[in-house]
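In the block that follows, a single chain appears as structure tokens, in the form predicted alone.
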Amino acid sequence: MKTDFLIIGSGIAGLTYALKVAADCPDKTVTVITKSQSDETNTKYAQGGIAGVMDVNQDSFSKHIEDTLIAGDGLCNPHIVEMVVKEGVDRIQEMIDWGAQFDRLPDGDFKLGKEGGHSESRILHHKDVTGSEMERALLEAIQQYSNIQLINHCFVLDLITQHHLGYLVTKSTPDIECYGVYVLNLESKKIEKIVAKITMLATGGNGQVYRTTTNPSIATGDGVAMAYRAKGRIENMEFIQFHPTALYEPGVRGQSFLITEAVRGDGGILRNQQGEAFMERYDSRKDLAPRDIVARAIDNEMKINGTEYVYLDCTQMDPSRFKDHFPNIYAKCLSIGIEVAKDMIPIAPAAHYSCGGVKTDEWGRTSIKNLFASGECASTTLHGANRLASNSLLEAMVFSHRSYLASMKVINTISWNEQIPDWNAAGTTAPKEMILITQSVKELKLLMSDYVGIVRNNERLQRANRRLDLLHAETEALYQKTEVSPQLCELRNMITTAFLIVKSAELRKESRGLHFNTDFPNRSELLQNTIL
């Protein structure tokens, strides 16, 4: 199969890019592939909203920029922050034009929320299902373009580069080029190749490398792992954001139900087992401190009290307002016997967002020619050491737009590579036991949660590295002799992503933002990114 534009991922980053290139190039083919259903994305599960300076009388670009820089703990690129904040307003308007409905006041103005780290109310939202609403609007919008093809259940195995043509490719190889991808068609069970002039990585996050995460099951770090195998540059993977308030349900592992930060913005209070509002002991901003501070505070309270959760107290909030603003959360709590007007909500931090990823420039270009990246799989230097709440959807829209602009300048200079060989599966056989894969996944999640979580130290990181080495060796041996499957390939990608997180954490000899190492409890004066 040949296509002009290939987009891997159907979340906000991928669909925004697809819409723009399709509109500007009606004579060119645009192919969007996703390994699950088209709406099963990290975007879909974004509750809180999207940050933007929509009320210049109460807010300003300078305030949003300053809030982002403070949250990023010194590692944000100020130029990128200013660019995203200022360009983001136009991108939000585009989303509205595509049909996204954000909550408004009776007079028609946006009903803006406030979240941790923000100095003003600037969060546009649709109840507590903002991401789902934006995903709906985007999927409807792409139906208008006959040159966009959306393919579900198509698992990407590898990016195609000169390596597949028989050349030695290393990190120092100049002008590595991406020619497309090999995919496993989950319906036909066949391995196919898609040759593309331009490829966009929009594969989302990697939360599934942890035992408990707010991410869906698809978030296995595929894009980052594929780019790393293709010798692309990866950056700042140690900065894994743990959302402070995921619903605690005894015995539930995997994807946890998210309690959006907007609940605390509306007055929710964190309390420990004794009922104490403890955040005032950790930060003057109390419950609305940046996420890294709140997550570490909760982690410390749980360790002090020997418990697996603390509470989010919403009993003092207006019940009707809560039900109107957070209907999804209200219904979920009620389904497990929690009446938010009377009962406190048990919560615990869960892996939520990767601030690092495939290194890009300000136009979304990666270190591999004709390969772009946008969204959570990318490291744009907007977030630095800690993402400010509700900046992620904004970042995805801005960088997908800028990737589109950069793509338009080169698309007519690129030809399809006609020399791509078929996938070589010689010597492989059907897997004999799935337990070899499922057990390795459990081991991976356990070691990452226990050794590379909210608080780390050198010994834990060393142990994680040794165990990852063993998992890697076992999995690669299985990969060489076994027919590929989504489960095996996801395990491979998760091991690679976990290795990058651990390696980056070992390289950072300080505590900064989301990375807290008890052996290096202080910040260094040397500001640097960890690039692998």
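Position 1 is the first residue in the sequence shown; the rest follow in order. Owing to the predicted nature of the structure, the values given are computational and were not obtained by experimental measurement.
Just so you know, the form predicted in complex with flavin-adenine dinucleotide exists too; it's not on screen, but the next bit is about it.
flavin-adenine dinucleotide is not drawn, but in the model of the complex it has no heavy atom within 4.5 Å of residue 330.
Residue 36 belongs to the set of residues with a heavy atom inside 4.5 Å of flavin-adenine dinucleotide in the model of the complex. Contact between residue 402 and flavin-adenine dinucleotide in the model of the complex is not found at the 4.5 Å heavy atom cutoff. Using a 4.5 Å cutoff between non-hydrogen atoms, residue 12 counts as a contact of flavin-adenine dinucleotide in the model of the complex. With the partner omitted here, the stretch from 297-305, 220-228, 96-104, 438-446 that lies within 4.5 Å of flavin-adenine dinucleotide by heavy atoms in the model of the complex is 220-228.
Interface residue among 423, 155, 309, 322, judged by heavy atoms within 4.5 Å of flavin-adenine dinucleotide in the model of the complex: 155. For the three marked residues, 289, 456 and 517, no heavy atom of any sits within 4.5 Å of flavin-adenine dinucleotide in the model of the complex. Of all the residues from 25-56, those having a non-hydrogen atom no more than 4.5 Å from flavin-adenine dinucleotide in the model of the complex are 33, 34, 35, 36, 40, 41, 42, 43, 45, 46, 47, 48, 49.
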